Structure formats: C-alpha cells, structure tokens
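Next comes just one chain, in structure tokens: the form predicted alone.
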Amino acid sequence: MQTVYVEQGIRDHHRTRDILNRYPRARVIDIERYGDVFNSASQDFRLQKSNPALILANKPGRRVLPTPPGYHIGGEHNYYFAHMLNCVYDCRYCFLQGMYSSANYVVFVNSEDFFTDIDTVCAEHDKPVWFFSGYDCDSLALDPITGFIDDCLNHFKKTPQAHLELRTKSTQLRSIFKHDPMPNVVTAFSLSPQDIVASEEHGTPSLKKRLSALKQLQDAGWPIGLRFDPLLYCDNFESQYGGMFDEVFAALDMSLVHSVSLGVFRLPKGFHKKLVRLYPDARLLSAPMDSRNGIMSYPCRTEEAMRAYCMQRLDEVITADQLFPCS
C-alpha cells in the first residue's frame, strides 16, 4: 500500500497504529472525514483499482442495519454491518463498482462500536439474531491487515444469541483457525464455475482453492455455507455449472453444510449502466437483459431455466431446510 489516508480523529487509535506499522514506507495523509476522499468527484475507478489507497476511518451513526427483504438463511431477525467498504478483488459483475465511485479501501477501525451496536440489537429481540458481514466487502480478504476477524470471533463467542455469517471468496483462514469451532458462526463462500472465475472474478482464488478452504473448515468442525449467487449466464450453462456442482459434491459432505443460497445475476439499473460503461467489452454484461421494477436481470425464461437446473442438481444432495433461494 503506497498511500494511507487517516482521519485525524482516529490517528491514535490502537488499530490505526497497528495498520500503519505494517506500511512503514507508505505516504500517510491526514484527512478530516473519509468521505472527502472516498466520495470525491471525478475519480477514475479503473485507474484506482490498479493501485488503491487505504483509508482508515471512524464509522459513526448507524453501524448495524436491517438486511434487504429476502436476505437471510433461516433467521427471523437479520442485520448486516460493514467493517470496511470495497473489495480487494475485481469481479466484473460486482455491484460495489456500481455503488461507489472510488476503488480505494475504507477500513473502519472502531470495531468496539460495532460490537456495542450488535449487543444493542440482540437485546431488542428474544430470538437469535443473524448478522451478515461481507455485504459491502469481502469478510476475510483483507483480514491480515485489519485483524477484524479475531476481534469479531472473540465477541461472538461471548454472545451465543448472535449468529454471524462471514461471506467471502478468500482463503485467509488463519484468524478463524485460532479459535475453536463456533456453532453460531458460518463461513460462507461464493462459488462459480472455474471458467467464470478465470474470466470474470479477477484476482480471486480458484474454485479448487475455495473448495479446499471449505473442506478444511468442515473437517475442523466449523459450519460452512455455499453461495451460488449470482448465477451467471454463459455458453453451455448446464455443462459449466454441472461440472462445478460435481466438484462441490465430491469435495464436501453436503449433509453437513449449514446453508446453500441460490440467486440469479441482478443489479439495479443504474449500477448495471455504470458497469457497462466501465467494461464495454465484457461478455457477461453484453448478455440479453430485461429491466423489471428497476432491476436488470436475464429474461424470465432464461432465468427460470438457470434456476431450475441448479435446483435440480442441489435437490440430489441437500434437504429443503438447507436451501435459501434469493428473491
């Protein structure tokens, strides 16, 4: 990391000091508010993506928010939080590139405030509460720098009513394996056929490496989740996805998988337009799309065929209570 922006208010925070110690040669620039840099106009996303800066900040206000409708894995009360903004990976379909103008990474160092808010939300409910990390970032990819996962697991260990999903494509598992398995923490990997990983998910671990990481977690006794979301239309769809399912089913004990999510590619119309502008030659984004209620996705017949094939394959190895189709 060549450049690190630091909000003046958290300059002396112990996590700020720890992160800055990792980059003794970085240019450190003091700022008043992270939005002054992250939300500034006339940024070049693609140029920044080749050499992103790190922004260390305090997250004020509401840190824990209700999930969108249909975003759950069986819990009645569902919330998400973002301990950082943006992702180290470069997936062509990622909605974050439509949401943000900046490719820089924002890391919120005030983890203790997130945990206080999580406790407050739990106190409002008399049933288990689910919290999702990885909605605005990859939960694990930058953990060697942030150290967030170790702190997070220490807190959820003391809060059995709180359940956590860590959503990732990363194989950075060291912080997880520092702890004994926790029944209230699910590590969920987003999975795609290897041809799609290679062509659309730039910088991510291969399908084989993700499955190896999942098997390590499963063998160690950790709950795991599989996220086939988004399903992406491609030539020979059934062959591509069928081969992926064969690999997944051979690598894992599917009867012990905590949850499986399935959702077809979908993006708000404005986000989709921005991605097409960023990647005019991307085959994925040139596929026929329909707009329904402001959301871009495949034509209904295509979408239904994709979903039906995948449901058929999953029905071979999992039970209905493991499956959570995304609306």
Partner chain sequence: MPAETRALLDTYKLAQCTTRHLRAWQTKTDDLLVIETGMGKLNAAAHTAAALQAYPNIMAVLNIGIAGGPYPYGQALLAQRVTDRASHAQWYPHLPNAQSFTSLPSSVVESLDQPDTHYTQGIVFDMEAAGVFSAASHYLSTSQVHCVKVVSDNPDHPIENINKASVSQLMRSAMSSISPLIETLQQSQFTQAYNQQATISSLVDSANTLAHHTVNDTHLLRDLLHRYINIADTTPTWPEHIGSASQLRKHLQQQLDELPFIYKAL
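Residue numbers count along the first chain shown, from 1. Computed from a predicted model, the values in this text were never measured in an experiment.
Absent from the display: the form predicted in complex with the partner chain. The rest refers to it.
By the criterion of a heavy atom within 4.5 Å, S199 is counted among the residues contacting the partner chain in the predicted bound form. Although the partner is absent here, R301 lies well away from the partner chain in the predicted bound form, with no heavy atom inside 4.5 Å. Contact check for T120: no non-hydrogen atom falls within 4.5 Å of the partner chain in the predicted bound form.
Proximity of Y233 to the partner chain in the predicted bound form falls within the 4.5 Å heavy atom cutoff. The listed set P69, P288, G294, P60 contains one residue whose heavy atoms approach the partner chain in the predicted bound form to within 4.5 Å, identified as P288. Only one of 210 to 218, 188 to 196, 124 to 132, 166 to 174 places residue heavy atoms within 4.5 angstroms of the partner chain in the predicted bound form, namely 188 to 196. The candidate spot formed by D36, A41 and R283 is fully in contact with the partner chain in the predicted bound form: every one of the three has a heavy atom within 4.5 Å. Scanning 16 to 55 for heavy atoms within 4.5 Å of the partner chain in the predicted bound form gives R27, I29, I31, D36, V37, A41, S42, Q43, D44, R46, L47, Q48, S50, N51, P52, A53 in sequence order.
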